[in-house]
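Consider the single chain below, provided in structure tokens and representing the form predicted alone.
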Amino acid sequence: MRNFAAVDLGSKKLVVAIARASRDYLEVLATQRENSRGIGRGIIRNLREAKEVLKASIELAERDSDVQVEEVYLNLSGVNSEVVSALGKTVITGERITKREILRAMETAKRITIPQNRYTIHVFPTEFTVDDQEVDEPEGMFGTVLQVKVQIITHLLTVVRNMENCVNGAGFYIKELVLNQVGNIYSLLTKEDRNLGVAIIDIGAETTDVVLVLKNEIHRVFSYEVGGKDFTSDIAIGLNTPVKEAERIKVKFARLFTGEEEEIIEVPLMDGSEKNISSNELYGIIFPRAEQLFTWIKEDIVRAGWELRATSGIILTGGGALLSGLKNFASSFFNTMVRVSGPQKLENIKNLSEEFLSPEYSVLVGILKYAQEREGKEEESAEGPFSFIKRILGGKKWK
């Protein structure tokens, strides 16, 4: 089994997990969390700072695990990502369908024109038909024509290249990029969610990533340059208090509901003095930001033709989902069932503490599950049955 690093590189935090994977399980050898630097709104803003913190974090995790790694599974913000569908078809040359025909059909699907400024990071097979009959797993079946429907996820080439530059500069190379929305699917969704349909809203520090999933297929992805830090900034400006104090007030006192019994909050001001405000006054500061974000999401969901009430509702995740009252506020705003969730289970993942069940670690755990699937398939040296959102082709391995 090879060692690798799973990295969730966000605007607020950088989390590294050194792990090794086999076909049946993944073992976490060490984890490391640091404050992120050089990242803003999902892209690299300062290459030197981002490279330094990434290098230091992985090296600390290497020392804790007493192993060295070269390969990195790295997350990628959904901002600037796009999903397109394509069909591929091939004629069966032998009596039965083999991996060769499946890969050939996938290759024909990939021949759609992708703009030169975009890069393919995921290609997911979502549907197979053999002689116009839909099947779950075509390998080994008799047939004359195999058709595959795929979803291709692309991202801005410059963003991808800068991420590559950062990882290479830190002394490692990207094994695979994992879109935040894809990590959340691996981390959060049950089989029932995937079939019935669900919307995942991941509120991070500076971005919010949304994915709509129905019948084992990614329907749409959306991203917004708004996150938890914007709530903090609103509090800092609205109360004329330092950002550090605004963050403390948000975590301890902010809530998206009003109450008959108002709590009195002592607020340190920029000039060194203090004042008292009520919890309802604080609500009045954060409410417009939540309403703005959810309005944007709702408008995009409506444009996508998505019926929330015909699905299993919404999952809120990410560190921003921990804001008090957000669940009930979202349920009322979208008029649907809403639940706040971190990773569903740590099944097949050994030595990962329960703190990683928190919503703020959903992407990291999703990357680990994604990597476990990919590494397990490589260990087998031959692909097994096609599971939901499994990438067979697409993207690039950088060295």
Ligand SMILES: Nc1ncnc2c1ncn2[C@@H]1O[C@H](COP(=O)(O)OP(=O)(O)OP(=O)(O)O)[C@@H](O)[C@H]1O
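Residue numbers run from 1 along the displayed sequence. Since we're looking at a predicted model, the values are computed, not measured.
Not on display, but discussed next: the form predicted in complex with the ligand.
- The chain is drawn here without the ligand; in the model of the complex, the stretch among 322-330, 213-221, 156-164, 84-92 whose residues come within 4.5 Å of it by any heavy atom is 322-330.
- The listed set K229, R289, R118, R104 contains one residue whose heavy atoms approach the ligand in the model of the complex to within 4.5 Å, identified as K229.
- Residue in contact with the ligand in the model of the complex (any heavy atom within 4.5 Å), chosen from I315, L282, I203, I174: I203.
- Not displayed here, the ligand is kept clear of V302 by more than 4.5 Å at the level of heavy atoms in the model of the complex.
- Though the partner is left out of this view, H122 does not reach within 4.5 Å of the ligand in the model of the complex, counting heavy atoms only.
- Heavy atoms of V251 reach within 4.5 Å of the ligand in the model of the complex, making it an interface residue.
- For the chain shown alone, E139 is not a contact residue for the ligand in the model of the complex, no non-hydrogen atom being within 4.5 angstroms.
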